[in-house]
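Just the one chain here, the form predicted on its own, laid out as structure tokens.
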Amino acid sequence: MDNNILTKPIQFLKMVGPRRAHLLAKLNIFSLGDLLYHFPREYEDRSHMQPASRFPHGSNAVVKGTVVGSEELRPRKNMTITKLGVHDGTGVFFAVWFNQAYIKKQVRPGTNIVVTGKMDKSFGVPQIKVTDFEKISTSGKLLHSGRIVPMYPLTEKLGQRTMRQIMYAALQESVPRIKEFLPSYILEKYKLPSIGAALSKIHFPENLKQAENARKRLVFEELFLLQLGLAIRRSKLSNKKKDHVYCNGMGLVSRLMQSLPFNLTKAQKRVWDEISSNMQSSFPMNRLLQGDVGSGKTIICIFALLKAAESGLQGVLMAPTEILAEQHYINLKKHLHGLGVRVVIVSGAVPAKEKNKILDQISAGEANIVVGTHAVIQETVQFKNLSLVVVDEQHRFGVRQRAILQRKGFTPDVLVMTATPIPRTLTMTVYGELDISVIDALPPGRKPVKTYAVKPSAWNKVYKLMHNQIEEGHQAYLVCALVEESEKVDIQSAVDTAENLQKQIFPDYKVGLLHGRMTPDEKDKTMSSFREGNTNILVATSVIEVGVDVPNATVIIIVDAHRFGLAQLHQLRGRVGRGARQSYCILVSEPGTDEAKERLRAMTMSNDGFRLAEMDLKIRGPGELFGTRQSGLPELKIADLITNMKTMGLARSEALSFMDAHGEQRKYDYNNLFGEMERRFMQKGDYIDIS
């Protein structure tokens, strides 16, 4: 039998049915497999049973005995106290329940029970304020006491006792029928228990060592399946031959490189060699270009797009916002001026008549380079010979959006760019199928941005700094925090802030306003005015977080900085310090939590995006760092990307070795393994799309 049993709908399990299935669905439990992989959040050790007299006052007690009598007290209105006299073999103690009158009828004299709760010896006779109890069946098997007891994440109207009973029944039914799917050599190499033993002991261990061994297996298993899926995807991507060929020389690219007013850094040269070599290969490039803010990723991206254009092919650059798309378009036009390359932009800001003309140019192959927002993935955008897909700020797009864009060409080369430094652990997880290039050095002459965290009481000093910088001919950003739950309120706050700055604080300067609810045309005009130096101060929500490049801006004020994550704060800080002048980042905040204080302290201490990303991962976790579903970060049930970093490396190594040794053509030899990988990461639309 294969492991299809794990896909059995939850409502058909013993003790479940439609009503409980509805409750379990709130915990994302829809099948037997989902249930078995719903792991305890912690354990309570209730294995040490002894007579009541031996437990000290105030301790957690677990006592077994026989009910010898009962009484019910009503000391006041709406208060019922049920007391059972229980003989534990050495004497009688009282088990006490509050407002649970049904206990008296349910547990009659003569019943053998185990009670768990807080020991109270204030009244002479020992009393246990019961938190849990269990009748002893004829088999003597205990589930809720007398053992290591699992405590599960729950939802309303679903208690621990019910969850344990459902889980125990499910294990009894399924464990004998679940076939092992991990290769035997891996189990032996890492001394891992079988799948049946691991599932049994993670839920109902006889001791905590058993639970730990089970966890070790289940963590490795989860990361191995994840990495196997990525390895398959990587294999499928790299084994498809591409039918487009680039020019061998670098005519236009060389001309552009020589005309630049600056020299490339060693890191930029190394990364361009990697990308150029990849593009010359017979197999499609699938590469992640990572670099801190201001490290010079954009020019590398322009080289790649130009390489496609000079070869008579087309390249597309997809950016997450209208502002960033417009900026890329301006940069490309500036750098490629005089090289005979046609660059067009597809976005909501382009008028319909002009857009139709652009679409015709793209489909005819007359447009060499296309820049746009997610608008470029629409069906109306058809390419003649798309060879290169560049996705900027990949974590802002879903994986499927990238896939749709790729399908507009035949096995195009793909370059994914991000200015959000990603810890290595996450790189292996989110971008495991990609080759990775890192620009790990800033251009020479850049001065680190001086960062200060101040309280709102220091606004006058902040205004003085802004005034001094503007008088020296520079510009300033003022960023207001924006959260989705109160977007209107926050936008109003930005509007009010801009008005106050213009009328009360800086009447002699021009103050601009930028937020997400403005039309594309309004945003474009605002940014153009700031970019050209006509606006002195730009008040904005976090829409300016990525990519905006105005070298003349030397100061950024971030209001309510505690509402941003470290990575986001670092991105915002990256809007300044883009020229040779000294720049400043002022974090105005009254942090209410230790976590917020830690983030602000980290910002003042480091300008290193990769170091800050590691800290952000530790403080907030991967889901917050990326936005779990959007980025394609898988939902891990038991593994932790921080604490299980070493295991992730081992799992990746084993997955790649497995693929080298067996390949997907041997899938039939490991149908349980591949079946479980698909069940885990593909059935619910997860990101490892290996189709």
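In this text, residue numbers run from 1 along the sequence as written. Owing to the predicted nature of the structure, the values given are computational and were not obtained by experimental measurement.
Just so it is clear, the following notes concern the form predicted in complex with a small molecule, a form of the same protein that is not shown.
Stretch-level contact analysis of 313-321, 605-613, 205-213, 289-297 against the small molecule in the predicted bound form, using heavy atoms and a 4.5 Å limit, identifies 289-297. Contact annotation: residue 98 falls outside 4.5 Å of the small molecule in the predicted bound form, judged by heavy atom distances. The small molecule in the predicted bound form comes within 4.5 Å of a heavy atom belonging to residue 578.
Looking at residue 549, you'd find a heavy atom of it within 4.5 angstroms of the small molecule in the predicted bound form. Among residues of the shown chain, residue 265 is one whose heavy atoms approach the small molecule to within 4.5 Å in the predicted bound form.
Residue in contact with the small molecule in the predicted bound form (any heavy atom within 4.5 Å), chosen from 565, 443, 183, 365: 443.
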